[in-house]
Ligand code: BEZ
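Shown next as structure tokens: one chain only, the form predicted alone.
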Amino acid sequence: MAIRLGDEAPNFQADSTEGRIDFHEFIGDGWCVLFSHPKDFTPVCTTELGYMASIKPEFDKRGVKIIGLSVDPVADHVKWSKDIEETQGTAPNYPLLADPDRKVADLYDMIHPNALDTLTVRSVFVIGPDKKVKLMLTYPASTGRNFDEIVRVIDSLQLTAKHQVATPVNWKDGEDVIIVPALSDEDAKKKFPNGWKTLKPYLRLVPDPR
């Protein structure tokens, strides 16, 4: 059965470049990004993993762990990491899971036979501290991902998890947010005593409550 938003992220154990990993233990009480790439020693993946390594501090300061996966063995991951460092300037500084038997890929529906019948597509899962899936993205093998967008979404997820707000189109950290329609004006006054801008009764803008 395919994973849906709000489902608990399936747990698994797998070898990685940083040893044997139990996924739920790895997540702990924080956030996590699990992303798959089609195959080691491929061009688009090389650029992706290098960039992800270069912006890892952005994930760190948000309390988010990163973990990658492909159907290749650990030994290949280790060899490939040298190429990534040479060409991208930064080697992977997060674990890369080995999934040669495709157990994890099947568990997370990362293999789409009509796209790539034996390799994982470019899947991204953002998982919260409650181990629930908060975001799913799937890209074709030919298109590299925008990991800055993943950071932006995590900012939104972490903000909206703590406050009764939603984020508008193209929102960036620190910009105005939307008071959720479920919150009445009366209750909103208690949460946002400095007020808000009403464009429509259902569209109320308020400064970032943080």
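Residue numbers here begin at 1 and follow the sequence given. Note that the structure is a prediction, hence the values are computed from the model and not measured.
Keep in mind that the form predicted together with benzoic acid (BEZ) is not shown, yet the notes after this line are about it.
Based on heavy atom distances of at most 4.5 Å to benzoic acid (BEZ) in the predicted bound form, which listed stretch, 60-68, 162-170, 149-157, 36-44, is the contact stretch?
Stretch with heavy atoms near the partner: 36-44.
Would Arg122 show up as a contact with benzoic acid (BEZ) in the predicted bound form if we use heavy atoms at 4.5 Å?
Result yes; Arg122 sits at the interface with benzoic acid (BEZ) in the predicted bound form.
Ala141 versus benzoic acid (BEZ), in the predicted bound form: is there a non-hydrogen atom within 4.5 Å?
Contact check for Ala141: yes, within 4.5 Å of benzoic acid (BEZ) in the predicted bound form.
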